[in-house]
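The chain below stands alone and is given in structure tokens; this is the form predicted alone.
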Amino acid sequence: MRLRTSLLACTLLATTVLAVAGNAAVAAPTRYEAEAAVCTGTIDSNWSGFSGSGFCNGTNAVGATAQFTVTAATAGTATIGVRFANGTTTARPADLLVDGVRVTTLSFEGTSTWTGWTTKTTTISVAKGSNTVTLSPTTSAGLPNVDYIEVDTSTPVGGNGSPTDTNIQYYGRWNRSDPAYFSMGWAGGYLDARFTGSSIGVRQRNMIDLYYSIDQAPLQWRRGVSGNVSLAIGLSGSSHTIRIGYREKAGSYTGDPVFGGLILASGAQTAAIGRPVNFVEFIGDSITVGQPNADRPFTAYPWLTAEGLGAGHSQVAQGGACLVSQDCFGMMDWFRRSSAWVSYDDWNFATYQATAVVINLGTNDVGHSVTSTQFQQGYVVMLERVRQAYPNAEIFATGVFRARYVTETRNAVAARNAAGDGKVHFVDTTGWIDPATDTSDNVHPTEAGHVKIAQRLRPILDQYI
């Protein structure tokens, strides 16, 4: 459980981001928490999703700084990422200074809410030994809330942007058997990368709806694209980040959700990019997918919840899915597969490990004549299998929003608790959404309904991860 103490210190506490299995051996960035920096303001913990024990809430004034001491083993160029939240609609610019010398001005755009944490990345030059890194606001609005900075002083290993490029970070269940095209399984998978150069594109195979974000800008669509797709030209600056994902194959749209690599500018390359410490996997049906809303997956409650926590995430979900395999996609079994399109248990859980798993199943089992006894027994098996897959994860079994099999779900959690698994939790969702106003058809939440669910679910997960 995250500690909620407030702390103001003049020295700097550094923690190291966890390495993730399946990636090349690259030195992890060093994290410097804001609660251990010099903060002109207060160290607060009232907005969820932060790392460590708090964040720097600077005084709203020019000169109200957050100052970090960064240690480098050798002199050279370092990549620095500032994790922040700005719950206003107005950007809060700040000068970035190293040892008192201004390097650049960073624009910390509005993140919609104070729990909408995101990261701004740039490069700096550092000297061997101790370096003072300061964020100094240039307007009376002051700084955004600053959670931490991460500094990577390792020698970068440039990549070519191909699907097998080890600098690219994949989230979700991707099939990597074809090195030319990695294919996305289930819903909500995406990838992150850092690259140099003034342009960026992506290679696709057949038609698909693609969404992307460059340098943490709001996600936008390129619908019905195929082949070589240009995403941006004329980019300024030495380093950029990109996120790419696809509309899932399930539901009303069928496409080809494959990634054929990044198209880099001449002489450009990829660079290492960090991963969040926490990863949340959401298991469910069309509600967890976000159907039928047009901007799924990034308007669905799994995406909103995990992004608000600063966590990686994926949705192992399928329209029409059930818990029990009775003429239905029974997720107690299909959970162990790479997608809904394979007929055997093929997923290698060593690919990544979830720190939290959220299950929302039971809406569709009624239509397949699943009895209360069958459902409860199946849910116990489901929880056992999730625990086998993720030995250290916090598991959250949520009551479905139509209040079906809620007692059976609660009983299954109690059975696992009685068996000694104290990291399984029942989540009562009664009253979270109003079917009359927060759903489009008395079943599927609207985008506003998904926001309400995420607002209720996020603080529950935040207690444990």
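What we label the rigid core is the largest C-alpha set whose atoms superpose within 1.5 Å from one form to the other. Keep in mind the model is a prediction, meaning the values are calculated, not measured. From 1 onward, residues are counted along the sequence shown.
The form predicted in complex with a small molecule is left out here; the points below concern that form.
Only one of F335, Y171, Y181, W114 lies close to the small molecule in the model of the complex, with a heavy atom inside 4.5 Å, and it is W114. None of R92, R194, R247, K120 but one reaches within 4.5 angstroms of the small molecule in the model of the complex through a heavy atom, and that residue is R92. When the small molecule is considered in the model of the complex, N57 lines it closely, a heavy atom lying within 4.5 Å. Residue contact check for T305: none of its heavy atoms lie within 4.5 Å of the small molecule in the model of the complex. Contact annotation: T429 falls outside 4.5 Å of the small molecule in the model of the complex, judged by heavy atom distances. The small molecule in the model of the complex comes within 4.5 Å of a heavy atom belonging to N46. Residues with any non-hydrogen atom within 4.5 angstroms of the small molecule in the model of the complex fall in just one of 65 to 73, 396 to 404, 46 to 54, 435 to 443: 46 to 54.
Relative to the superposed core, D421 undergoes a Cα shift smaller than 2 Å between the shown form and the other one. Positional change of W117 between the shown form and the other one reaches 2 Å or more at the C-alpha, relative to the superposed core. Superposition of the core reveals a Cα shift of less than 2 Å for T439 between the shown form and the other one.
Distance between the C-alpha atoms of N278 and T89: shorter in the model of the complex than here (change of 3 Å or more).
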